[in-house]
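One chain follows as structure tokens, the form predicted alone.
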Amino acid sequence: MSFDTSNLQGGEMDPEMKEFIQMESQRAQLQAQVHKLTDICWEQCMDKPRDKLDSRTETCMTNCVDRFIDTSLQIATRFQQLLQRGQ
């Protein structure tokens, strides 16, 4: 998500506005990740809707979320390492 700031006078953006936009962008990215995680784990673990989760489904959801988070963190760490090497 990016915003066009070319119409601002002098080409400079207010630092508070820049920080606000950055925070909102990060919030939107996190929300998108949560939706993606929900979709993936729901499809993998839920065979049919029920009133409450049975232990097998709950375990599956927990493991799915854990794997997703671990993988996301591992990818982020790797990108950070690559960026640091490139500097």
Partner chain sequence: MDFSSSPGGSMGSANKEQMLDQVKQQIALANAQELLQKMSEKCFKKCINKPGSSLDSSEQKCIAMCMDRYMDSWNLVSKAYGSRIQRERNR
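Just so it is clear, the structure is predicted and the values come from calculations on it, not from any experiment. Residue numbers count along the first chain shown, from 1. Take the two forms, find the largest set of C-alpha atoms that superpose within 1.5 Å, and that set is the rigid core.
Here the subject shifts to the form predicted in complex with its partner chain, a form of this protein not shown in this document.
Undergrad: Closest heavy atom of residue 79 to its partner chain in the model of the complex, within 4.5 Å or not?
TA: Flag for residue 79 set to no.
Undergrad: Are any of the heavy atoms in residue 75 no more than 4.5 Å from a heavy atom of its partner chain in the model of the complex?
TA: So residue 75 does not count as contacting its partner chain.
Undergrad: Though the partner is not shown here, which residues of 46-65 have a heavy atom within 4.5 Å of its partner chain in the model of the complex?
TA: 46, 47, 48, 49, 50, 51, 52, 53, 58, 61, 62, 65 sit within 4.5 Å of the partner.
Undergrad: Is there a C-alpha shift of 2 Å or more at residue 53 between this form and the one not shown once the rigid core is superposed?
TA: True for residue 53: a C-alpha shift of 2 Å or more.
Undergrad: Tell me whether residue 22 is among the residues that move between this form and the one not shown (Cα shift of 2 angstroms or more, core superposed).
TA: No, the C-alpha position differs by under 2 Å between this form and the one not shown.
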